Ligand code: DGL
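In structure tokens, the next block holds one chain alone, the form predicted alone.
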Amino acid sequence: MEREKPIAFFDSGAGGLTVLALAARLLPAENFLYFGDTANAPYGSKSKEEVRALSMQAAKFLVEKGSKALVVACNTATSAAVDLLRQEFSLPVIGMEPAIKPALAEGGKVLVMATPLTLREEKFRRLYHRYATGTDEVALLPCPGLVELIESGIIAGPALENLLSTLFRELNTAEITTVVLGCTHYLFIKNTLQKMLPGVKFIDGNLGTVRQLKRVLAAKNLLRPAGNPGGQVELFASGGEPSLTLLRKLYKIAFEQGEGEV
């Protein structure tokens, strides 16, 4: 039966594991596939054409595995390729969206941290102009090098703090009240961000994405019945066994940390 098939996720690397871990908690009867394109990470510094080609390749791999739905668990890939994937495949395709709207509802000054490509893409610009009525409400911070550091397994410590200090150098961090984590990788470094920006509220789009996934599956009668044994997670990495080992380690961290707990 179609509903017995797994739900597939992909990302440029490890970031989408934070979305997968949340889905595994919210949908315990489901089984999951995850592809991390670690050989080509990061996507955020590539061209739109490159990201679209890599996203199509990742999606085809997962669809051929017999998935019933596809989650583009990467803000950059969503911005560049989600419309293309929806045209290509008949299964439900769920994307990410930076949580600007709920961040602005908090009031004060919002900082959006994301990859350079995410912030350049038209999809993000439309979202930004829809909700940011004044340019002084929102500061946009492209974060080159941050995904690469996380992909190397560094999610705490001096190297991370030094890079963040460099990225924050020209910001007036004292006026920031809310930070939007516009890349799924950034949830892995939330503890360090909280230490460097004390008293600031952090918002991400993971819960909204997983709730949308659940709504779409329910509407299409694709949810496995509650109470069924599920929770099987199969991980794949284009970078080979060393990358797969890191994905396993980071998935365990993401699941145990309970980021975005529901």
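Every value quoted in this text rests on a predicted model; they were computed, and no experiment measured them. Start at 1 with the first residue shown and count on from there.
Another form exists, predicted in complex with this ligand; not displayed. Remarks below refer to it.
**Q** Go through 188 to 196, 124 to 132, 100 to 108, 69 to 77 and give me the stretch that gets within 4.5 Å of this ligand in the model of the complex, heavy atoms only.
**A** Only one stretch qualifies here: 69 to 77.
**Q** Does any part of Pro42 reach within 4.5 Å of this ligand in the model of the complex? Heavy atoms only, please.
**A** Yes - in the model of the complex, heavy atoms of Pro42 and this ligand come within 4.5 Å of each other.
**Q** Flag Ile150 as yes or no: does it have a non-hydrogen atom within 4.5 angstroms of any non-hydrogen atom of this ligand in the model of the complex?
**A** Result no; Ile150 lies far from this ligand in the model of the complex.
**Q** Does any residue in 174 to 194 get within 4.5 Å of this ligand in the model of the complex, counting heavy atoms only, and if so which ones?
**A** Those in contact are Gly182, Cys183, Thr184, His185.
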